[in-house]
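Starting off, we have a lone chain in the form predicted alone, written out as structure tokens.
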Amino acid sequence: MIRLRSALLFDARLQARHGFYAAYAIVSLLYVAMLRALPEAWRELAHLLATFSDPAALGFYFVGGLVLLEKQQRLFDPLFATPYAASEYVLSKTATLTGLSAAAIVAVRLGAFGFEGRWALFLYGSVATAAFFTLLGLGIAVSCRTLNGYFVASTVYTSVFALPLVEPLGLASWPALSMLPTHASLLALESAFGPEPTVRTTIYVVVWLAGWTVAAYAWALRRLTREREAGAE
């Protein structure tokens, strides 16, 4: 627990030093201004799309930059010559970036809508989606050597996980989309202002997002462990 707490403090300071928190304070203000300026009929859909594609997914891009920065500065491999466990590395990066995502999501919603609407499933879905995207980005980044390589690999993954956006945009509706965690994410975000979710929908969102997040953690940890073992040979 002491090592994990130290890791959390180290990552939070690193993210603050690189301006992550300041940048997202400004970005959140811009989103609030944009949403408040939109016509009433467009605001809820715009809020859904903005939350899903940016604050909820910010960890996906930031964790890639952090991991590749550590590799570039030759901090990545020596990090694991210490008692620092791979699981602590994954948990620390995920917790700090998920916290930043959650803070930005809450700030944007409060700034644009106040306490209007439902919060419980919205908050759960926001946090679980942020954790899932951070773990996904970490799992990709540990095997990449350059930022360009990360962006190319990440495009493949994001293209798949962004597919459920066709439903709120009214472009298509395919039953197979419900297999993706981001389908559950969008239902959770829609619950803020849409019809009250049924018990079945709520259970689906809670269980499906939790299951995919746990699977993403196991996947990221396995890829990190494999990368460490390859580097040690």
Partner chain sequence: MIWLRMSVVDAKQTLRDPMLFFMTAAPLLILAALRYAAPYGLSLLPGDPESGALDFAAIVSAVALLLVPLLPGTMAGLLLLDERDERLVAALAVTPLRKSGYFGYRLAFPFVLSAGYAAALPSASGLLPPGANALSLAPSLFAAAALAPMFAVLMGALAANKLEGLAVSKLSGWVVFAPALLLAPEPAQWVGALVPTYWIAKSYVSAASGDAAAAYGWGIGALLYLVALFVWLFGKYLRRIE
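Positions refer to the first chain, counted from 1. All figures in this text were calculated on a predicted structure; none of them were measured in a lab.
Another form, the form predicted in complex with the partner chain, is not on view; read the next lines as being about it.
Using a 4.5 angstroms limit between non-hydrogen atoms, V27 touches the partner chain in the model of the complex. Interface membership of L186, defined by any non-hydrogen atom within 4.5 Å of the partner chain in the model of the complex, is ruled out. At a distance threshold of 4.5 angstroms between non-hydrogen atoms, F151 is in contact with the partner chain in the model of the complex. For the chain shown alone, L66 is a contact residue for the partner chain in the model of the complex, at least one non-hydrogen atom being within 4.5 angstroms.
Think of it this way: in the model of the complex, the partner chain has a heavy atom of just one of A120, A162, L147, L110 within 4.5 Å, and the residue is L147.
Of the residues given (L221, A23, A12, A210), A23 alone sits with a heavy atom within 4.5 Å of the partner chain in the model of the complex. Of the stretches 112-120, 67-75, 130-138, 96-104, only 67-75 has residues with a heavy atom within 4.5 Å of the partner chain in the model of the complex. Contacts between 5-21 and the partner chain, taken as any heavy atom within 4.5 Å in the model of the complex, involve L14, R17, H18, G19, F20.
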